[in-house]
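As structure tokens, one chain now follows by itself in the form predicted on its own.
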Amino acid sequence: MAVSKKLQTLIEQDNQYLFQNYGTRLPACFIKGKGSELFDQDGKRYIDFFAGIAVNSLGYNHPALNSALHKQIDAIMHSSNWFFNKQQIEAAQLLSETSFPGKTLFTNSGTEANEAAIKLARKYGISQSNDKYHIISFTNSFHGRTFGAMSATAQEKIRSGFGPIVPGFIYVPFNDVTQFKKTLEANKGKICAVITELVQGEGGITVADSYFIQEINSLCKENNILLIIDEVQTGIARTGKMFAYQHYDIQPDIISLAKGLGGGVPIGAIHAQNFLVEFFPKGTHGTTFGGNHLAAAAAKTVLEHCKKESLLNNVNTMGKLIVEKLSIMKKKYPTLIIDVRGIGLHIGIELSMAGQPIVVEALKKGLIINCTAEKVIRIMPPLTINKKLVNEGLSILDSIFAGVTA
């Protein structure tokens, strides 16, 4: 893909000054966004079907979010968690109102939220028995890249090369109730928590079976085991409800959040049942930046807008439209498209070939998508995307699939 002189300079500077842990970046540097559209260093327009990895929940330059951030910047951005923080309190109240009554602890990211959840679960378990510190997670999961969250991630490629991982994690096949029950029985009295995604994002947009999740929920309650739902990618209206667990008629003990919570401002959180507050007494956990005034102001604004029925309806309507049109493409290109799956605006297209060439070709044509699990195209646009842009983006994707199968 040919690059302009402006972009070539940026590529050279990136190589000179930054770690190359993201591999070869896609050839674009975005300098402006509006709604669900982005513009690069040369002024080229793109339709965004990726939302910065499901982060830009309200799209770009949303007037209410911009206004809240400007107002907060002009007032105060940070004072530390040694002091009360009105914006934190307001955002936490909204989390209690939109999920379940409980307590919130703000962090800076999703991996830090999962670290906090892991620590809280272990503190809870060990308070009952020194052996009760093990946590069950599931194959193809992804919970983050810090040592605890990485150890909870049942993907060898994520953990490989870093030496010993944090002990105490047990990996069970996803959506396999029988194996879960066997694992529980074999480790009776040793399990403090189960952590799971409800849609495995990095695992290829694999959706949890209702029966599987409801059985886990029941078994956790019966055995005094905490249920942690990782909502880092699925939370904040991404699936058409405020939180993905609300599709499953369950009551988690802890949910972890990040990505869409700040609408582009880095923030994470755990929200937990009230009885767990005693297991994080003074000095057991903390963060310098977590939930500072600016980040919490962003979270409050995002939550206020994402809980609106109009936005949730848009997520469900646009999600249904995308799945319907992709299902037509599946019939049109049966040797290329194996499956279309997802919930709301968290959609995967499983291909019979590697997906990255499709991602690169889409970028050339002005569409931003992503590939995960090698062969799954991931579609998760801003929650505010409209029908016109959905149709335009899908038309680009259709033309690429036609070229591949020609």
Ligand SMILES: Cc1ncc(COP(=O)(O)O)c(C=O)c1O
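This structure is a prediction, so every number in the text was calculated from the model and none was measured. Just count from 1 along the sequence shown to find any residue number.
In what follows, reference is made to the form predicted together with this ligand, a form of this protein that is not presented.
Visitor: If you check in the predicted complex, is Gly260 within 4.5 Å of this ligand, heavy atoms only?
Guide: Residue-level check for Gly260: no, no contact with this ligand.
Visitor: Mark Ile270 yes when one of its heavy atoms lies within 4.5 Å of a heavy atom of this ligand in the predicted complex, and no otherwise.
Guide: No.
Visitor: Mark Asn175 yes when one of its heavy atoms lies within 4.5 Å of a heavy atom of this ligand in the predicted complex, and no otherwise.
Guide: It does not: once this ligand is placed as it appears in the predicted complex, Asn175 has no heavy atom within 4.5 Å of it.
Visitor: Does this ligand come within 4.5 Å of any heavy atom of Val232 in the predicted complex?
Guide: The answer is yes: Val232 has a heavy atom within 4.5 Å of this ligand.
Visitor: If we take heavy atoms and a 4.5 Å cut-off, which stretch out of 68-76, 238-246, 224-232, 296-304 is in contact with this ligand in the predicted complex?
Guide: The contacting stretch here is 224-232.
Visitor: Which one, Gly291, Gly125, Gly144, Gly319, lies within 4.5 Å of this ligand in the predicted complex by heavy atoms?
Guide: By the 4.5 Å criterion, the partner-contacting residue is Gly144.
Visitor: Taking this ligand in the predicted complex, which residues along 92-121 bring a heavy atom to within 4.5 Å of it?
Guide: Ser109, Gly110, Thr111, Asn114, in sequence order.
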